[in-house]
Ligand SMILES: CC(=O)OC[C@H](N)C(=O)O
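Take a look at this one chain, the form predicted on its own, written out in structure tokens.
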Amino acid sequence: MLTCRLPRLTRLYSVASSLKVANSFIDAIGNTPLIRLKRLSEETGSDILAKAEFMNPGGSVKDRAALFVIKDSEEKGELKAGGTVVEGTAGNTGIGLAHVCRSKGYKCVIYMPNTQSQEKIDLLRMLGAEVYPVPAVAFENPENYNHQARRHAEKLPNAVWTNQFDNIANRRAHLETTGPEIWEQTNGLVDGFTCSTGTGGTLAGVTRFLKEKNPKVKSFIADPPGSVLYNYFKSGGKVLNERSGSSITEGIGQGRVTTNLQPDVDLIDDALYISDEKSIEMVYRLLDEEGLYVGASTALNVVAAVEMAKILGPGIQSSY
């Protein structure tokens, strides 16, 4: 989610886009539009712009990470024709991987917490993935779904564990695609960026790119209940293991600082704690006011963008 200065609105939409034919599922990933959220923009005096990642062919931002972690394995010679891709995921990365694997002719194996929705499990299996729902336990536990995925890959020939949480090819996807798209789509007028984190790849990659383009761009992490990252950033990195509550959101929040996030921790300007109540309210606001039907995790990002806009103030470049 982005925050831009309202007075420059007319310049944001001066770049015409041309339609082209994608040669494959993979070629259709990325280049998603920005959507201005009209009512929220009017309320805050800033342009609240949503990156429409649901327009990726697999339906989420995780298509980008899925493509890049597979490409990384191919480039390193770790994955060859007919191989198997194994991952631990709460859902959307698995969906992206299943699509990309099907497109490239790889087998796909997914381990996921058994707290995730049955719809995600059914979709993954329909896409051809083997799915293993396992008890949800902390990362430190050897039976955590990520560790089980790693062990599964180690037992197979021509197989890789793509390790989305600590594989920086995930971060690179956003450094090389999402960040540049945002910069170009806003003509370099973006003032702030915020999103929640699971792996941390989106936040880290986009933040790094935008800060390198303009150090005045602000980056806020949006965190749900049950995650430790809000307290980590608010304490200046002193408090990491303090969890409080749980959340209805799926696939976001974290109990540690991942390898994807670690290199860019110092670039994050602030953290926002977003309650489930606010996220649920925003789900219905977006549906009623914008015609956008999104889940709680996306709604959380929108709440964070609104709070960021209120903190930074309308049209004030020096506060960014």
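The structure displayed is predicted, hence computed values, not measured ones. For every residue, the number given is its place in the sequence shown, counted from 1.
This protein has a second form, the form predicted together with the named molecule, left out of what is shown; the following refers to that one.
Contact with the named molecule in the predicted bound form, judged by any heavy atom within 4.5 Å, is made by just one of Tyr232, Trp161, Tyr145, Tyr106: Tyr145. Proximity to the named molecule in the predicted bound form, defined as a heavy atom within 4.5 Å, singles out one entry of Pro133, Gly91, Gly83, Pro225, which is Gly91. Though the partner is left out of this view, Gly198 does reach within 4.5 Å of the named molecule in the predicted bound form, counting heavy atoms only. The closest non-hydrogen atom of Phe165 lies within 4.5 Å of the named molecule in the predicted bound form. In the predicted bound form, the named molecule stays beyond 4.5 Å of every heavy atom belonging to Gly58. Within 4.5 Å of any heavy atom of the named molecule in the predicted bound form lies no heavy atom of Gly30.
Note that among 148 to 156, 213 to 221, 181 to 189, 198 to 206, the stretch whose heavy atoms approach the named molecule to within 4.5 Å in the predicted bound form is 198 to 206. If you take 247 to 279 and check each residue for a heavy atom within 4.5 Å of the named molecule in the predicted bound form, you get Gly251, Gly253, Gln254, in sequence order.
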